[in-house]
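The data below hold one chain only, encoded as C-alpha cells and taken in the form predicted on its own.
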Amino acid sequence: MLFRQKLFAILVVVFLLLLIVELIRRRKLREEYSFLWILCGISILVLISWYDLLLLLTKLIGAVVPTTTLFIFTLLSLFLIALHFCVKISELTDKIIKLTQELAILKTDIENKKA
C-alpha cells in the first residue's frame, strides 16, 4: 500500500472515531450502538497499520490488491451493522404493536366504565 493511501486511510478512520466519540458525548449516539462503530473503525485501523496481516487476508480471500481487502472488510462491517439495526427495528416494531394494542384495550375499558 502506498504511503499516501495508508496515511489517508488512517486519517479517515481516526476522524470517524473522533466523530463517534463526539456524537456519544453530545448524546446523539447511544453507547449501545457506538460499540459497533468503534469496533469497525478499530478493526479497519488494525488492518491498515498491520500490513502483513492485510497481505495474509488478501491471499486468503483471493483478492489481488490489499486495498480491495480493506474495502471488502469495510463493506462486511457495514453489512453487519445494518443487520444489527434491522434486528433492533424489528424488536421496536413488535414493541410498538404491543403497546398500541394495550393502549386500545385500556381506552376501551375506560370508555366502557364511563358508559
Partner chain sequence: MNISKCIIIPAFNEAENVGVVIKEIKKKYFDLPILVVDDGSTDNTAFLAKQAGAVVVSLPFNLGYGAALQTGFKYAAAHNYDYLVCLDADGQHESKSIPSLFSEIQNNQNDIIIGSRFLGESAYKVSTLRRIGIAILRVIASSVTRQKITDPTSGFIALNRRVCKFYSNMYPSDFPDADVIIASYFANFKIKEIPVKMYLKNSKKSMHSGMKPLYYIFKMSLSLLVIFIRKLLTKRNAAN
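Residue numbers count along the first chain shown, from 1. Bear in mind that the values here come from a model prediction, so they are computed numbers and not experimental data.
The next section is about a form of this same protein that is not shown, the form predicted together with the partner chain.
K.L.:
Decide yes or no: are I10, L19 and E22 jointly within 4.5 Å of the partner chain in the predicted bound form, with each residue judged by its heavy atoms?
P.N.:
No: no residue has a heavy atom within 4.5 Å of the partner.
K.L.:
Look up in the predicted bound form whether L92 has a non-hydrogen atom within 4.5 angstroms of the partner chain, and give yes or no.
P.N.:
So L92 does not count as contacting the partner chain.
K.L.:
If you apply a 4.5 angstroms heavy atom cut-off, which residues in 86-100 are near the partner chain in the predicted bound form?
P.N.:
Counting only heavy atoms within 4.5 Å of the partner chain in the predicted bound form, the contacting residues of 86-100 are I96, I97, K98, T100.
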